[in-house]
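One protein chain, two forms: both are listed below as structure tokens, the first as structure 1 and the second as structure 2.
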Structure 1
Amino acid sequence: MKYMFKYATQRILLMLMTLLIISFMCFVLIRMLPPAPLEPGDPHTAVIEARRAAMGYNKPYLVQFGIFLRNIFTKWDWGISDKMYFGREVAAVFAEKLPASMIVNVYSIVLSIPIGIALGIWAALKKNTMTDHLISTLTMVVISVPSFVYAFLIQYFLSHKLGWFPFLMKGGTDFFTWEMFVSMLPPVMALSFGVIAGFTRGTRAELTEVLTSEFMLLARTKGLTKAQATIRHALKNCMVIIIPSIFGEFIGILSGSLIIEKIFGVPGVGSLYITSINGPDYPMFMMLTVFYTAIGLLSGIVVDISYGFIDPRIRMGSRK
């Protein structure tokens, strides 16, 4: 446990350092761009100029970055949107968009992980039969095809031909009404295909390996039935790999998928990102950059550390 703690601390510190470096690089790149031009005669010119001066637009980049960090740490001030949500705090707009992404992603994970694992187990138990080949081929196909193709298929067949679902997700913030749930299902489904396929492939690969290992033979010789041996020994071992990836997936729920959110009109983080690029709205873009980087790094760490917690045999950072 002591090693674990040390390892975790090390990793987190390293992650913060990486995050800082990446943020700085992106920050400089963004600040090097000419700021969004102001229309001549814009009544807000004076305010915007003053604000830019406060952000240190005329100072060296390192100083600007310092001001940026200071504002975040002291006031949680990520800047003020200068294009799309004119005059609003970037952090507030972001917080508004987060729930929609999260809920769609949570539904998708809750739906897809059990299905994915179940299919994977089924395929592994029926290894080299028709069932296995069918599941493996389908998994392969689903993983290869980009997600907007599913989005198209879902929109065309389920929304247009059959008329079961609306084309776009309902607006508003009543996330737990029935109507909202129905309108969320198309993006949830489109997101789920890939996750299901990923978990099916992972589970199948892991479980087939475990099933052929020698302790399974031992378990059978001790007199366990196949079902008992599979559930008690094989599944437990295979979960060592699966569960960390579930954790990783859960971190990912925050980020939202750019493409699915755009197609189904989910008012989430992904669509915010696209509009912030097309805007261009630099303070928004900067915040989202930091956010996405942090999410990516964090999910990597969570996966690595959870290995240690789940399987005590895996001791990381104890090389010396």
Structure 2
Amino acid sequence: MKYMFKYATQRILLMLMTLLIISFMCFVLIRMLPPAPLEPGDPHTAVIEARRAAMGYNKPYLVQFGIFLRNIFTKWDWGISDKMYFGREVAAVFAEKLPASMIVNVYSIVLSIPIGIALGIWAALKKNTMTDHLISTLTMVVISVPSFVYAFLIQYFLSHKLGWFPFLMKGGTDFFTWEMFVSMLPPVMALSFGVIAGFTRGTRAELTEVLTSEFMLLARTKGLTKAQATIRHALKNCMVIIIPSIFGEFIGILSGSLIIEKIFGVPGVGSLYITSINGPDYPMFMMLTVFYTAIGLLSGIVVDISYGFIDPRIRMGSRK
């Protein structure tokens, strides 16, 4: 436990330092773009100019970044949108958009993980057979194709040709109604293909290695059937690798999918991010950048630390 605590502390400090560096780089890059032009005769021009002056837009980038951090740490103020959602706090807009991204990703993960693991187990048990070759080939093809390609295929065949689903996700916050669920299925399916393929490949590779290990041969010589040895020993050892991956996927729920959300009109944080760059809307972009970066870094830490809890033999941070 001592080693685990030390390791976790080191990783969190490293994460914060990395987050700070990435945030500063993105801050400078977005501020190098000219701000959104003000419309002639706009009654809000004076307010916008005063706000930009308060944020130090006419000062060096390091000073501007210091003002940005000071407002966050002292007032939890991420800024006011002056382009996309004029006059609204970007934190409030973000909180409003986040549930749509989360619910779509939750559905995709709940659908993908059992299917991916089941296909991986099936392929491993049928190693070097036609079934294994077919699953492995399809897995590599699916992983190689970008998710937006599946999005267009789903829209063309399932929405346009067959008319089973709407082209775009239904608006509103009634996420648990049948109409909303049906409208969510196209983006859920588009997100699921890659996750299913990833878990299939990982499970197949890990389980194949475990099934050919010496302790499995010993289990068979003690009288266990292949099914009993697989369930009691092989799958248990295989889960040491698979379960941390599941944790990482669930942490990634918050991040959403930029392209998929844009294609299917999901009113989530993904489409918000793209629009903030096109604006440009500096405060919105920076909040989303910090959020996405933090989620990615946190996911890696959770995956690494979970190894030690799942398998006590793994002592993170120990040299022994």
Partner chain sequence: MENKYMNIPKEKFSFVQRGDKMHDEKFKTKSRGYFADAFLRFKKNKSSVVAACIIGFLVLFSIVSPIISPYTIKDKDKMYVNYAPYTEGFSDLGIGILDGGVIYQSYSENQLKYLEGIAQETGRDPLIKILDTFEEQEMKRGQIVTKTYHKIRVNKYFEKGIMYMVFSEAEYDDIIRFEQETGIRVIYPYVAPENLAADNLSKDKKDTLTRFYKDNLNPNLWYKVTDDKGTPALDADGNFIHAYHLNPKSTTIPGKEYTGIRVEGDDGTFIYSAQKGSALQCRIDYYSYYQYKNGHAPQYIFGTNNMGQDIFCAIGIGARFSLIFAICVSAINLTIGAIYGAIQGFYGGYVDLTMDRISDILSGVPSMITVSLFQLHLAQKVGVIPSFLFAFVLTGWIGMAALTRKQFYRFKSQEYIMAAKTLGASDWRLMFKHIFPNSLGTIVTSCVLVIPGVISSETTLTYLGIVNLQSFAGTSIGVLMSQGQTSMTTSPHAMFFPAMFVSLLLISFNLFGNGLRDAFNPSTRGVDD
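Counting starts at 1 and follows the sequence of structure 1. Note that the structure is predicted; figures quoted are calculated from it, not measured. If you superpose the two forms and keep the largest set of C-alpha atoms that fall within 1.5 Å, you have the rigid core.
Answer for which single form is the form predicted on its own:
Answer 2, the form predicted on its own.
Once you overlay the rigid core, does the Cα of N278 travel 2 Å or further between structure 1 and structure 2?
No, because once the rigid core is superposed, the C-alpha of N278 moves less than 2 Å between structure 1 and structure 2.
Please check if K75 moves between structure 1 and structure 2, taking a CA shift of 2 Å or more relative to the superposed core as movement.
Yes; K75 is a residue whose C-alpha shifts (by 2 Å or more) between structure 1 and structure 2 when the cores are overlaid.
Take the rigid core as the frame of reference and indicate whether the C-alpha of G56 shifts by 2 Å or more between structure 1 and structure 2.
Yes; that C-alpha moves by at least 2 Å between structure 1 and structure 2.
Could you state, for a rigid core superposition, the Cα shift of F27 between structure 1 and structure 2 in Å?
Its alpha carbon moves by 3.0 Å.
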